[in-house]
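Just the one chain here, the form predicted alone, laid out as structure tokens.
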Amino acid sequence: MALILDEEQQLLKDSAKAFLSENFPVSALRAMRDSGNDHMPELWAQMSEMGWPGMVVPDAYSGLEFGYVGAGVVLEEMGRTLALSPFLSSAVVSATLITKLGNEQQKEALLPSIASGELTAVLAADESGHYNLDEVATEAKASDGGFAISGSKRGVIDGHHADVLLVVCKNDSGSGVFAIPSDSDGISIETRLIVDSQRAADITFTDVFVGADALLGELGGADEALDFTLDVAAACSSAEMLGIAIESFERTVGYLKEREQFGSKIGTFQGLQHRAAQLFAEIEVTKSAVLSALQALDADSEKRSVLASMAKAKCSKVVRNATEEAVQMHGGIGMTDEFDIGFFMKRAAVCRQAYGDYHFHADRFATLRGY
């Protein structure tokens, strides 16, 4: 498949770029942080008006069914302006899991509301601070025709604002996912400020009773849907990191062309030129890796898991290099809070950890390739 966007995808990318750069530039993130807030509800409201929360939701459930390449180009532009919203966690990751795992009644109950932006859902899976479903200890015990959920989840982005928690549990039958209202009895949510000015939720479940209809699919039958959802999360979070890397690079090149030292533009210094050229080449390779993974998801290719983990591992390294080089080549001003470039490094640090870090996906890639 050609590694280019089609006409509709390019139009979406252009419109997303124009909307986000005009209405929610990096200065909006700074204003949010300085005001003491931890999210941008006005952004989500406007995205909902444009239909973006329905990007990957099937048409049968009031979605756009635009595909994962479409979601990826939106996330790339969000990365360039550091716009905060539950688009990835709810409209992409959670919508995918419900679509793949839920029964018809559950899809009809949840997906149209997610597609309209009226309801947000998040995947609550991590328990150790590092994505690894093999370490899930949250239990679902059969009780009075339903289930009693007990356990804890850590670092759930958007968890304290979500209406529904998609909780990964285990019992003797295997893995299961339960759709649980966040205000249910027995749920305790504590938040902590993380480095990019968002808050992450640590959620405790103490004998939370849910009916049998809260279980998505069958208990013990969630592994395949969770694997696909992980592929989606890895590829789409890579698209956001790609946007961060591109914007960091472009801002740095602009600074190299303006800043003077010893009577010359610092962009004329050969050492800095070499570093910029190397970073440019790495970003171009990363663009191909991300688009390949997104296209594989839309085609449901047998290579999707390999390509998704390759994209996440590659992006994790490149975005770290891009943001660190940006701060260094901006010199002393790059280390100050008065300059925006540091915001990109902070967001990159959070994105690298989400849905499996470099080591998780490098190991997954190697395992899938038979090593």
Partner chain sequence: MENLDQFRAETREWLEANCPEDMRQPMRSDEDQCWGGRKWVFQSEGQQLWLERMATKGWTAPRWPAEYGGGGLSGGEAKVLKEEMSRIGARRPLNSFGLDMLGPALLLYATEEQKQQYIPDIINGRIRWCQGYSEPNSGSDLASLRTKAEDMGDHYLINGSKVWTSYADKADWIFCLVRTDFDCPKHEGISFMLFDMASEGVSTKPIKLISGSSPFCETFFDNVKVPKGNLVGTLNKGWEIAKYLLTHEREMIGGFGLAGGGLKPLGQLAASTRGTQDGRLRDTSLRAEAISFELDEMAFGLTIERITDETKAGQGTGASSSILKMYGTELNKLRMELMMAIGGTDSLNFESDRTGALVKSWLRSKANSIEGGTTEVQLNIIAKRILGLPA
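Bear in mind the structure is a predicted one, so any value in this text is a computation, not a measurement. Positions refer to the first chain, counted from 1.
Omitted here: the form predicted together with the partner chain. The next part is about that form.
This chain is displayed without the partner chain, yet in the model of the complex the stretch 248-256 from 91-99, 248-256, 221-229, 76-84 comes within 4.5 Å of it by heavy atoms. Taken together, Ala45, His160 and Ile189 are entirely out of contact with the partner chain in the model of the complex: none brings a heavy atom within 4.5 Å. Though the partner is left out of this view, Asp357 does not reach within 4.5 Å of the partner chain in the model of the complex, counting heavy atoms only. The closest heavy atom approach of Asp14 to the partner chain in the model of the complex falls outside 4.5 Å. Although the partner is absent here, Ala362 lies within 4.5 Å of the partner chain in the model of the complex, judged by heavy atoms. In the model of the complex, at least one heavy atom of Phe280 sits within 4.5 Å of a heavy atom of the partner chain. A heavy atom within 4.5 Å of the partner chain in the model of the complex is found for one listed residue only; from Ala276, Ala109, Ala299, Ala142, this is Ala276. Of the residues given (Leu216, Ala201, Ala289, Val210), Ala289 alone sits with a heavy atom within 4.5 Å of the partner chain in the model of the complex. Using a 4.5 Å cut-off on any heavy atom, the residues of 257-274 that reach the partner chain in the model of the complex are, in sequence order, Lys257, Lys265, Gly267, Thr268, Gln270, Gln273, His274.
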